[in-house]
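Okay, here we've got a single chain as C-alpha cells, the form predicted on its own, with questions on binding and movement later.
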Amino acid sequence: MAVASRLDTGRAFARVLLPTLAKGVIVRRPAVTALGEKVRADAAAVATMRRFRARYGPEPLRLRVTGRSTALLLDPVDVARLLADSPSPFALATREKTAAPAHFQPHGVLISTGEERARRRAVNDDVLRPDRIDVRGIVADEADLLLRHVRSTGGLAWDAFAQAWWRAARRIVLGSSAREDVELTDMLKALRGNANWAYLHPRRNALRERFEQRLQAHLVRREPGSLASLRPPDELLGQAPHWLFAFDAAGIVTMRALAMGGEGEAGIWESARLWPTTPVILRESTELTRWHGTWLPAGTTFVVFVPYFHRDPDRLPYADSYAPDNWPAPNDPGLVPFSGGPGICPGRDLVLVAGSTMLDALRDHLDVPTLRAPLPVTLNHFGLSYFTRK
C-alpha cells in the first residue's frame, strides 16, 4: 500500500478535504458555496483524486498525518467493503463525526456505538419508513401553496423554496402544530453552524437545552399523521434533530434536481449523485485490519471523497450527465449518495418520496433553464432561481 508524499498529502488537504469543510459539512455557508462554484472547487478535487490513483494505484492511499493513521480510498470495491463492514470493524462514530453532531444531537444514532446504536438504529428504521404517514400529501399541500406564491411573484428562488420545504419538514416530523415554528429550526440552524467547527467551537449547552425543550413540547403531543406519533417522546428526542437536519440536505437535492430537469425519484437519486450533500464519508477501524496485504492499525481513519467516485470519467461514461437509468440499483459500488451497508441513511426512502413529490409538483409550472452536459461539478443551490412558465 502506497504512502503519499508530503507534497501529495498537502494536496489532499488543500484541494480535496479543506475546501469541502469550508463550504460547511453540517450547514452550508452561502458565500463559500458560491465561491466554490465560481472556482470549480469540486472539479479540482476530483482531478486531484484521479491523479492520486494514476500515480499510486487503486489501493487506499495512506496520508502522512502526524499522530494519525489515515487512508484515502481510491477504488469503489474498497468503498463497498468499508461500508458493508460498518459499524464493526469500521465504526461510523469517528472522532470528527462525534465532535460535530454532538453540538445539536449528542444522543443521535450517527454517533452511537454498541447496543445503544443498535437500539437507536431500530427506532430510525421503524419510524422513517415513508408508508407510516402521508408524506406525499403533506408535501403536495406545501407545494400547492408554494406555487401560488410563484404565480404571484413570477418566479422561484431558494429562500422561498426553503421556507416552504421547512414547513413541510416540520409537519412531517412533528405535525401541523409545528408548521410555523420557525424559531425551532432557526435554533437548530445556529447549533448546526457551531457543529461545522466540530471540536474547534465550544458547545452552546444553554441553546441546545432551549432547543430540546421546544422540541419536546412538540413531541409530547404525538400529533397524528406525524413521525412524532409513531414512538414515545423519550425515544425520539435524541433522533428528531437529525431528521430535521437531514431535510435541509433533501431540500438542496430537490432544488438542484429542478435545475437539470430531473423527474421523479430517479431525478432525486441523480441530483444526490451529481452533487452529493454528504461529500465525505468517514469510518474508523476498531481493530487491526488487512488491506491488500498491508495491516492498518486500529483507530485508522478511512476517508471516502464521494464526488470523486460519482464523477470519475475514467470509470463512468455518464459522469457529468443526467443518467436516471442508474437507479435504484446502480452497477457501480462507488455510487453511494445515501452511503451504504448497515450505515445507509435510514431516511433514504422518505427523502426520495418527499423530494420527488415536490420536484414533480413544481417542474411543470416553472421555466427552468435546464443545465446541459457536462454538468458542473459544483452547483450553488443558493443562487438557483426559476421563472413561471408562460
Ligand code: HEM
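The numbering used is simple: start at 1 and walk along the sequence shown. Since this is a predicted model, take the numbers as computed values, not measurements.
Although it is not shown, the form predicted in complex with the ligand is what the next lines describe.
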Looking at Arg179, Lys189, Arg222, Arg117 here, can you tell me which has any non-hydrogen atom within 4.5 angstroms of the ligand in the predicted bound form?
Arg117
Quick one: from Phe211, Phe247, Phe305, Phe161, grab the residue that has a heavy atom within 4.5 Å of the ligand in the predicted bound form.
Phe247
Looking at 289-297, 150-158, 238-246, 312-320, which lies within 4.5 angstroms of the ligand in the predicted bound form, counting heavy atoms?
238-246
Would you check, heavy atoms only and a 4.5 Å threshold, whether Arg121 touches the ligand in the predicted bound form?
yes
Do Ala41 and the ligand share at least one heavy atom pair within 4.5 Å in the predicted bound form?
no
Does Leu92 reach the ligand in the predicted bound form if we count a contact as any heavy atom within 4.5 Å?
yes
Indicate whether the ligand has at least one heavy atom within 4.5 Å of a heavy atom of His218 in the predicted bound form.
no
What are the residues of 348-368, in order along the chain, with a heavy atom within 4.5 Å of the ligand in the predicted bound form?
Leu350, Val351
